[in-house]
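First comes one chain, alone, set out as structure tokens in the form predicted alone.
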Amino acid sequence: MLILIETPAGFALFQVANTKALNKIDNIYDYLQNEKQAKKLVTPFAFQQFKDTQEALVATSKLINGKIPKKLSKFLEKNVISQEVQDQIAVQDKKLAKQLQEQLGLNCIQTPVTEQLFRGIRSQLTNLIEGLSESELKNMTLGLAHGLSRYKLKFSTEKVDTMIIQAIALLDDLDKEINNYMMRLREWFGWHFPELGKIITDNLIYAKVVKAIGMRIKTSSTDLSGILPENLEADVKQAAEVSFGTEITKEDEKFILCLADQVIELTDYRSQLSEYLKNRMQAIAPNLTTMVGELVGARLISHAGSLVNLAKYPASTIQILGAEKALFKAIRTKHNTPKYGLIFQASLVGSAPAKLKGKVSRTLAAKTALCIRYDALGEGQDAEFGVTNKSFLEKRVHQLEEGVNYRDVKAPQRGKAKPVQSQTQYQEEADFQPQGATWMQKFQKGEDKRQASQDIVQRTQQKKVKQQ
């Protein structure tokens, strides 16, 4: 019997000449811990060493995926098939054993005895293989482990998703910080120049004007043409002359200008981060970005944990993703469940009429789920699939807007009864039977219902009397 061992140093074949002796040994692993006993029971048959770590990495990656490396197939053809060896080959991996049987026609086996043999041989590799020391084997194992880890990280989709998750989280944090800083800057500088806040509403321009002006007295001599248009610049200078704000010191001005610098720097960094996120989303999920935009798409990925996890969600889950609290509250209180979550921020849902938002969000979630699966599991890197679905959605929204206009819908008109023009035969029974018979039928049905209800009441009363 031959035993195939895959090691970080290369592929090895060992031969067990006396297989009957294995049945007499109680614990094969303990028996093989003795070097002399191991060399008597197992002898090296063939060994093929790897040239470098790259060759070992390629072979190991194929073995992990359940494929036969070229190095292994050539090794077996040279030492087993060409020499017409008829012995059985013990293989530890089930997938590899199946591939060897199907492709190379080898007789592979797996038994509890062979499992103990694998453990024992691996513990005695350096003693059984000549020219292989323990230090070399440890270095080869360490190098292969590092290379395999880098290989897995290189092709990991979650690694790229992490960049998007961190970027969208930082973007939301920056928005909160910029709003807090701007609120503090407006309130602080408003004590000195309150009229400026009413004239300039944009936060970035307000911070730039505060940095350029400093104290209110310098407004008339400061050139604001690069920041404001002429009409606003004139209004600011005119308001500075008649302002009723309090005076500040140079030390107050210093800290106010530092705060304005912080706002400007954070705003510039936010714009750069937004552009970075847009490019990342276009590269990783182009179809999802086309459907809902880079911000909504990044928030969906962040909420799910990764693009692959998001691809596993059905369309109904994507539709209410982000509204979990409202969903559980509605279920607990037995009210209507929410119709949308994060997907509400998409332009298609936001621009739809209030009556159609639920239908539009449901249709958008269905198409978005297809785009997510195409991005995560498909081979294409273009956004044609997303463009096609978005055009379909726009036509669908247009049809819904045209068809669900309740003011234009006319109420159905009632038809007028037409008199009978001719009657071929006089029906005597029609003069007295139909109307009377219909009335009697209704009366009999009513009597039956009353009798049934009276019977039920009598039965319930009898039960109560028996219980008492």
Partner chain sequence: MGREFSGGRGDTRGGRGGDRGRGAPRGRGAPRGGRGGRFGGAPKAFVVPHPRLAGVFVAKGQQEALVTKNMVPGESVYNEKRISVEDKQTGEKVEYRVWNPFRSKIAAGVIGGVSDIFIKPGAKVLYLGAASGTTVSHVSDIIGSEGVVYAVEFSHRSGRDLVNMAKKRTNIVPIIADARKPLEYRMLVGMVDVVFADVAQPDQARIVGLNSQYFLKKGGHFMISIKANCIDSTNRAEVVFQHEVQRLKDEGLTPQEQLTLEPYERDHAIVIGVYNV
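Numbering follows the first chain given and starts at 1. Please read these numbers as outputs of a predicted model, since none were measured by experiment.
FYI, the form predicted together with the partner chain isn't displayed, but the following is about it.
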query	finding
Proximity to the partner chain in the predicted bound form (heavy atom, within 4.5 Å), stretch among 383 to 391, 89 to 97, 187 to 195, 347 to 355	89 to 97
In the predicted bound form, the one of N203, Q116, T363, T267 near the partner chain [non-hydrogen atom within 4.5 angstroms]	Q116
Heavy atom within 4.5 Å of the partner chain in the predicted bound form - residue from I217, I81, L377, C258	L377
R280 within 4.5 Å of the partner chain in the predicted bound form, heavy atoms	no
Contact of A315 with the partner chain in the predicted bound form (heavy atom, 4.5 Å)	no
4.5 Å heavy atom contact, L63 to the partner chain in the predicted bound form	yes
Heavy atom of L144 within 4.5 Å of the partner chain in the predicted bound form	yes
Contacts with the partner chain in the predicted bound form - residues in 293 to 308 whose heavy atoms fall within 4.5 Å	S302, H303, A304, G305, S306
